[in-house]
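Encoded as structure tokens, the following chain is the form predicted on its own, with no partner shown.
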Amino acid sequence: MTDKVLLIGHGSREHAIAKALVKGGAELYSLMAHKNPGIVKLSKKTLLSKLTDFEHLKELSSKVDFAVVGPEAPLAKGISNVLADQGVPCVGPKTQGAQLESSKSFARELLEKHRISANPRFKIFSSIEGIEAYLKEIGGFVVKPDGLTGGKGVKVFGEHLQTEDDALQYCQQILKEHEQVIIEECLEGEEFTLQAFVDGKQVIPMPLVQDHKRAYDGDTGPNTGGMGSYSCEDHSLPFVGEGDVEVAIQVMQQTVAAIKRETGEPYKGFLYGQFMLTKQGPKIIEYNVRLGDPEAMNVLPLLQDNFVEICWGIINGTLKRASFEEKATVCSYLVPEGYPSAPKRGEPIIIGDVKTELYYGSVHQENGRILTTSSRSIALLGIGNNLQQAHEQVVESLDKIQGKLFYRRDIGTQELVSRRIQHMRRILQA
């Protein structure tokens, strides 16, 4: 009997999820805000709607066996709770677990209360009072809004904030839009992403990935939602030790157990740990309660097990394992000119003879044309026996797509990876 699956979301991550579900034998139904041509092609039925407007859910949920949620906003608003009330199990945490991403203060306080060692120093403020004194006390710092910001709300002293006055002004701006602001110590190290399938108890890790937030080559320019990412054939990263991976997995296992103790609700879905590898070991930068975008594209195509069966394992609490091909991947995004601050919308994209995996992102299909919207347009994925092979595939395909777009060419290159390795060595030897 064919499993009928509802997919919520319309980006490249969701296109990757859709491909994995259909490969696993699913009959796909989709709810999205923009008509993603890749997902439309794979779906038996699609419905266009705002993802946090749940009025239209019943129209599709009555037809399906379970749902998979791609982005964080509907999870934070409670889509898993609503679907459960309609008798549809969901791969994605309920609101209690979704707080890990929707409330940075919840995440920090959870780790502190349950003595999970990966927390940096931090303090939470609901008014401007006391912030100036704490900035002076902590030295290097990071300012974070307590809420969802699409990956663009975090600002670092010395990079985005040049003075303490800049930081105070930014805190005031945050407190006009959010109830709280978090000040954290600025950690020195290299970031890596550990994603996992979680069934309430079991945490099944995926290959490590490193994302690149800066808009331009050489890690310059403004922060974005992610311009691309890479993973290695050994499922680790060149600057991460085996013991570091074990610590990171343990931290995520402890966090999942803490959520159950704290809220009474088991965490079921995908869990994304953004770690900073420091001289003191891995520290949590943030948690996301869904697959990463672009990191989903690095791992799902390598999955050797049936993704639909894994989803049922998450729902039923029966996860056992997940195996992945020993291949390297490089994912690169093409984004509209002006992104992230002033992206050019409604511009046509012409796709030529692309040999790599292609994932449609925030585009809209209209009268047979593919148009840019306000965010990242198309992700390309190279898969090879090593990073060089994967990178060469992507670069060749990038030049086959035309439009008012730009992209980074350096993701997954030996030069960039070597800089990461040398940076980590200097930190560990200091």
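Residue numbers run from 1 along the displayed sequence. These numbers were taken from a predicted model, which means no experiment stands behind them.
This protein has a second form, the form predicted together with a small molecule, left out of what is shown; the following refers to that one.
- For the candidate spot formed by E233, L387 and V417, no residue has a non-hydrogen atom within 4.5 angstroms of the small molecule in the predicted bound form.
- By the criterion of a heavy atom within 4.5 Å, A84 is excluded from the residues contacting the small molecule in the predicted bound form.
- In the predicted bound form, the small molecule lies within 4.5 Å of some heavy atom of E185.
- Among heavy atoms of M276, some come within 4.5 Å of the small molecule in the predicted bound form.
- Contact annotation: E286 falls within 4.5 Å of the small molecule in the predicted bound form, judged by heavy atom distances.
- Contact with the small molecule, judged by heavy atoms within 4.5 Å in the predicted bound form, is confined among 278 to 286, 350 to 358, 84 to 92, 128 to 136 to 278 to 286.
- Note on the partner interface in the predicted bound form: the residue among V203, V154, A118, L302 having a heavy atom within 4.5 angstroms of the small molecule is V154.
- Only one of the listed residues (K327, H178, K77, K144) places a non-hydrogen atom within 4.5 angstroms of the small molecule in the predicted bound form, and that residue is K144.
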